[in-house]
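Alright, here's a single protein chain in two forms, structure 1 and structure 2, each given by itself as structure tokens.
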Structure 1
């Protein structure tokens, strides 16, 4: 049954990614012009040169032909060339993808470390001043867009003379270990902006799930039986409340990734965001399609991992 479930989800993901990639190609084909449109206005570029470049990159080929060539290259691990950077799109995207994944993972961990303790406390003591204050604070932070948070952080850093958060440029020269100080500084602004935006959602869902788990009959029976609080918490409460959190983690990966692309562009973090924005404006088709495929694959992988985890820890939905 596990194999059937996994194969079904993988087939659904393959169909979805295929339709999404074709839609991206069709969208670029529908928009007037192409990568060489701006070069046509330059008198320094001859028509023969433009025709040669279009033939080289297949820009004059029909949509179906270009998509079939891309699928053939994808089967060999080739996303196609980057027209702007004159290099392989896969080699260009992979380092940026690593930076985006690092940013999102750190932001998720920070958000969980803040939201989960507050949520469990608020569920157990809803009338306390700390629980009520945390609820109001989370509700207020949920209304603030990530871009506004980033601008506030940058303004405060400049006002107090702190190192301005930005991209981890030193990493490229000294490697990950040698560039750790620059990497840590570069993570400050985007991580704060993303985690403040994520934490309220985790807080509300986990508080509701924990409150429901506290009202379960088997939890009440375990507490009345005199079991130690730690045993009740980890053996009964946490498994009952884990399902909504795991589902939320998987489903929120896509929204977090979308928000991080904008945050990366503003803060200069060397992730997919700045590269994707530049590729869209320059109509660098293969880079855009590759970035969209990576983002969609991450969303689907998160959902699949969440579903597998829930099936593993909750015997009620196993079949």
Structure 2
């Protein structure tokens, strides 16, 4: 049964991705200007050279041909060339993808570390000042738009010398290993901006699920049977409350690639965000399509994983 489910979903995802990529191609075809428009405004390049370059980059072949060529490349794991970087889009995207995933995972972990303990506490003692305060704080932080948050962080960077990514990288020793401390320092600002946005959602859902679980009869029974609180918590409460957590996790894992674009761009984290923005502005079609493909497939994979996990855990859905 679940194999059929999986297959259907995968098929649907493939169709969606195909349409999406074609849509992106068509869109870029439609916008005025192409990659070489910039060179057109440069006195150094003659019209003949421009024509030659258009030809070399295949910019003057019809949309259908270009899309077919791209699909053909895709079947061999080739996302096409980056026009501005003169290299494979894949080679360009992968390191940035890594940086973006790293940033989002760290932000997620930080958000979970803050939100989950607070949420369970708030569910158990809803009237305590800490629970009340956390509730309000979370509500407020949900309301702060990402843009404002980033501005606040920039203001902090200005006032208290909060390091921005890259700046410290310049200070540290070169090389990957030597770069680790600076990497960590550079993570501070973007992680802060991101996790403030992530934490409230988890807090709210987890608190609701936890207090619901607390009210379940078998939990009450387990408590009254005198089981130690630890056992009650991990054996009964946690599995019951895990359901929303899992689907949320699936969602956030899926949306990692698109969630942090703005934060990355403003704080200068070397992820997909700045690259994608640059690529859109420079009409670097293949890089944009590649990035969108990554983001969309991550999204679908996340949702699918969440659905599968819930089917496994929640017996009602399985049957």
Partner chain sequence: MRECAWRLPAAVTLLSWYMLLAGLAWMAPYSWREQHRDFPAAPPTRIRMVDPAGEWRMPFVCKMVPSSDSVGSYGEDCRVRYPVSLLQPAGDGRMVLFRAESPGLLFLFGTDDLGRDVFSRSLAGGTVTFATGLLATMVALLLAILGGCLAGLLGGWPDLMISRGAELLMALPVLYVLLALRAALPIQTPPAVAFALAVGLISILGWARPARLLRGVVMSTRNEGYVMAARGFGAGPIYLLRKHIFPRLRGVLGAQAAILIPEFMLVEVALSFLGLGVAEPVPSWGTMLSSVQYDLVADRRWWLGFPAVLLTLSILLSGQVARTLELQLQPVAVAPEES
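Superpose the two forms; the largest set of C-alphas matching within 1.5 Å is the rigid core. Residue numbers count along the first chain shown, from 1. Since the model is a prediction, treat every value here as computed from it, not as a measurement.
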_Index of the chain form predicted on its own, chosen from the pair_ = 1
_Using the rigid core as the reference frame, would you say residue 222 shifts its C-alpha by 2 Å or more between the two structures?_
yes
